[in-house]
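First comes one chain, alone, set out as structure tokens in the form predicted alone.
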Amino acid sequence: MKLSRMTALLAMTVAMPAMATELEVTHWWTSGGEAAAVAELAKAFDASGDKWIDGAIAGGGGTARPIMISRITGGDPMGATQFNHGQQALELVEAGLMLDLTDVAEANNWKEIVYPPSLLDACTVDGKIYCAPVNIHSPEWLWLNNKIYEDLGIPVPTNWNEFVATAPKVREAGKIPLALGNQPWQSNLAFGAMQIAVAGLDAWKAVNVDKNMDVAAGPEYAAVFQAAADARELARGSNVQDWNQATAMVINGDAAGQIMGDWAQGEFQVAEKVAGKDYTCLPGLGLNQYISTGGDAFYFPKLDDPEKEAAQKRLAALLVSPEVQVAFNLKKGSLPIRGDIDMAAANDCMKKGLEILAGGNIVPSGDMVWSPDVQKLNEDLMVEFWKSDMSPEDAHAKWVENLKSGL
């Protein structure tokens, strides 16, 4: 969908300023693909008459979030800041430190256009909307280097089980079967991806939505922990730190595959690799195709400056606008938060995600169903598990214990 400039201007809740208002925007998008995507947001905001002051924080969300929160609570707020959908900013909202965007959402019909509705629900506290969702990121994908399999003379795997079965040949060829970086959230993400892929949707919902601890301790999840133990062996020798370094191992042919979110797509795109030809992407690890409705949203700390507050609301409206949604998500590799826009330029991997999303095979993200405390306990557990010889049985028991602490 292409809007005329006049239509786009009318969609804004506040008139364009006579002079540019600067807003510092903090985020953790620093890899090649991420930088290309965030540049689209900055370009659109600057073109609207305001000025985006980029406040990128390297090291991923685990590094950036404490810095962002410390600045907001310490009286040095930025104009806007990235968080993931869910409960990450809940305490800041409850403390009265975040700008209420309900008027922007109502003026721009967010409740009618944001899909799935859970994205806006995650921004809503006591009936008021406090963030602008910008994308849907599902973390449960398996990315494969096609050439490695072609050189070995074996078919490219179509699911996790086939991938595991090919691992010995990959290792014999001097390649690492599974690339995994050392950032704590990466091992936690890999485990999360295995939950639905191996245990299945019904078991996942029973544990994470219904909080059924009998299912959590049962055989379906015992199989998940065994799969994680298998993956731990496949990742042996993957000695990189950042997630995009692990993605680069797959792109460059040093590793056969990686479990990573669909943001990895941006790195393949920057490397000029073609989906379906150079690499294969398997949502739900090819076993259970679904979309986990995680992703990113922007929150706007309260500022004692009416001019800047007006600019904050202009930026919030712009982030959800059709043109920005298309430009940003095509570069990011994520899915748009509205279904009424033209994504004809999407590549094969993004189209897979769009089809799953349209079919309604979606579940809430972990941030939406468990508190930050439970998330941190399980992240720490996964780091210990992946870096040691902890048995899958012991890890399983500790994981159930962590979940129970959040009930």
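Quick note: we count residues from 1 along the sequence shown, nothing fancier. All values reported here derive from a predicted model rather than from experimental measurement.
Note that the form predicted in complex with a small molecule isn't included here; everything after this is about it.
This chain appears without its partner; in the predicted complex, the one residue of Trp263, Trp143, Phe268, Phe163 with a heavy atom within 4.5 Å of the small molecule is Trp263.
Only one of Tyr115, Trp185, Tyr149, Tyr290 lies close to the small molecule in the predicted complex, with a heavy atom inside 4.5 Å, and it is Trp185. The stretch from 368 to 376, 25 to 33, 44 to 52, 343 to 351 that comes within 4.5 Å of the small molecule in the predicted complex, counting heavy atoms only, is 25 to 33. Using a 4.5 Å cutoff between non-hydrogen atoms, Ser321 does not count as a contact of the small molecule in the predicted complex. In the predicted complex, none of the heavy atoms of Gln195 sits within 4.5 Å of a heavy atom of the small molecule.
When contacts are judged by a 4.5 Å heavy atom cut-off, Trp243 counts as touching the small molecule in the predicted complex.
The small molecule in the predicted complex comes within 4.5 Å of no heavy atom belonging to Arg314.
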